[in-house]
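Coming up is one lone chain in structure tokens, specifically the form predicted alone.
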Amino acid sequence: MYAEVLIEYKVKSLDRTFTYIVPENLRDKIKIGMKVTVSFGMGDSTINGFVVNIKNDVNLGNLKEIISITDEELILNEELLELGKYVRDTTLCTLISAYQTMLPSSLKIKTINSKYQKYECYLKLTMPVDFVRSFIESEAKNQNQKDILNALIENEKVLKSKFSSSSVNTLIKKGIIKEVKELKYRINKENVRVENKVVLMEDQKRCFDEICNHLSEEKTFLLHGVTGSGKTEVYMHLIDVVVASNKCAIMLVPEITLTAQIVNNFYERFGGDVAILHSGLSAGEKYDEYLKIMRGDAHIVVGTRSAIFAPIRNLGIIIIDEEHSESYKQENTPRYNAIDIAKWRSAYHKVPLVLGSATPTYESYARALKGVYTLLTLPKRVNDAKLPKIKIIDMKEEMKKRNVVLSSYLKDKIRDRLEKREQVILLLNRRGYGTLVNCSSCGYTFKCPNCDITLTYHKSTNSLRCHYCGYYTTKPSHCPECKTGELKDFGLGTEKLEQEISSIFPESKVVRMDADTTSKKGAHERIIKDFKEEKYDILLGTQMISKGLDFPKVSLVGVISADSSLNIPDFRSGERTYALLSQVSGRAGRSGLDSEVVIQTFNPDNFTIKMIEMGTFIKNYQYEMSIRKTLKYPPYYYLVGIKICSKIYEDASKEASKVYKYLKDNISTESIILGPTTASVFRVNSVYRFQIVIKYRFDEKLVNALREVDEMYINHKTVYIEVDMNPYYI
């Protein structure tokens, strides 16, 4: 018997299988999809890999044997093996990297999994109960031995840790009891379902019924519901029906912050039938949750992007909440979009895919209007709660009054909410203290030595940090250039905003939620829980606070700098700005309180800002779509982004021109090639980046041309290529 093994190796040219002999002792155990340890290359070096095929005969000589099976229980099933090929073909990655991305960190190919397994030790009887009773009466030496045996007469097994080790060891030596180890899940909720007492409103019931009518079909639904319209309740009712039919569900959310709140809702509804998968879990927890899904001990998977690869076999529905979120697109290899993977799995299992959002992507909305997706709407909030009032503040006028951070109007509104003991959310989509630091004498500005951006000042650690490559340094007391000038920070980040709020409202309790305050495990959950329990009056943070969170006492939302996302040179900037402002506005008034949203901007006449004020998604959609049609952007054209990267500027520039010429000669003349130009951030982590963008509609030559370009640079000494199909940013 022989096995074809796909090994984990960084060299792209080795993205192929190698044949090994299956030794006699493994022939009854080996299966396709298993991880095995093999010898590879010269000497005795070992490496792990996946068995992708098993043969009885091969016409090859000098073959090595498989050394061992890495894990008999964890197997990539037939669906996931096929899905890996789809990821490889659509993202142009290697097959091994496609399989790697399906696994949590504790299950990567070159990781030894045994250290992540956690066991609980139990005791069980080995003798008949009558014999044990007789032993208790005649031979038991002490009360501890009697307690152990009486407990085992009443129970099939008992925890070893509850009893003294000496008595346990004595009874084991006598052969009356034995010790058994059982795998223990670190996250182990009560497997008790709470009775569903929530009755769906008319609009919710209409959407629920429509999806229920197609539970055995490959069909994509776009659930477009205003913030607070009860989309999550529709999701849970659908999952209720699916699980009742002995099938499984995958529910994706975009952020860890959302995962924490939604998971609690799901635990309350479905108990231990829920498994969670996201980057905030420890390696051991990820291992447990993955194993729980594989064993069928959980029928519901809730998680972020990578949870779409959960090894569910009997899938009944896939739900993607906040489908507009860019976090569903992976920005490093393989550059997949979780929504594309969900569509593939929906087709494979012939089950519905539900995409939900108050601000769906314009590509999704266009597909819904064309009938490619089925459009379902929730136009009103639950219990007819009012949407918040929107107030636009012109900060040009406020600057004349020396109101640099907060307008006088927003200050008054915050004060009013504090007096009413209601809560406030403030959005500033920029972390840190100051966005740049420079010298007041010579004008020297601190920049990242590795990237073409200024360093951000973080006052709490007195450090200057690059948010691209992670470089940081301590802020000096004097200018390193002229040695005498005073250093000043400019711009506004969440850290400075927190200080400003605490200064203006000293009686308030303020909590900040951004990448700096949530870096420790459990920080997201703690902040959300504390704010919901009203331990804080004001929550301020970056875009992670804008989506999906439900705080009943929030009646005021303030947006400190609404222009930051509008100024990004990207065709999606208007769409993103509308989504961000609309989503954060939706955090206010969800429980029926009179609520208001105050948006501070230097561009009050901007069309997108005006549409937020009017609450008109469709008009902003129509406006943006007219621009995209003229300029040939999605959904009218597809995009490919190609980055040509090198630490040597001249090499990157020269090879970018070669790539452009090759593409021009080898793809359809109807496709449009833009570039090469420098990328939006030209140098990142000491790597120079040139960019080519391709716009196309139907181009049969394109994928082969891209694959050939990619292969040209597999062994290049100084240049590498990054190909991104349907990029979110260009």
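Residue positions are given as counts along the sequence shown, with the first one as 1. The structure displayed is predicted, hence computed values, not measured ones.
The form predicted together with a small molecule exists for this protein as well; it is not shown, and the discussion that follows is about that form.
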*Of the options 577, 561, 646, 229, which one has a non-hydrogen atom that comes within 4.5 Å of the small molecule in the predicted bound form?*
229
*Name the residue from 442, 180, 198, 568 that puts a heavy atom within 4.5 Å of the small molecule in the predicted bound form.*
198
*Which of 232 to 240, 73 to 81, 329 to 337, 141 to 149 sits within 4.5 Å of the small molecule in the predicted bound form, heavy atom basis*: 232 to 240
*Three residues, 323, 573 and 620; all within 4.5 Å of the small molecule in the predicted bound form via heavy atoms?*
no
*Closest heavy atom of residue 220 to the small molecule in the predicted bound form, within 4.5 Å or not?*
no
*residue 382 near the small molecule in the predicted bound form, any heavy atom under 4.5 Å?*
yes
_Non-hydrogen atom contact residue 590 with the small molecule in the predicted bound form at 4.5 angstroms_ = yes
*Using heavy atoms and a 4.5 Å limit, would one call residue 204 a contact residue for the small molecule in the predicted bound form?*
yes
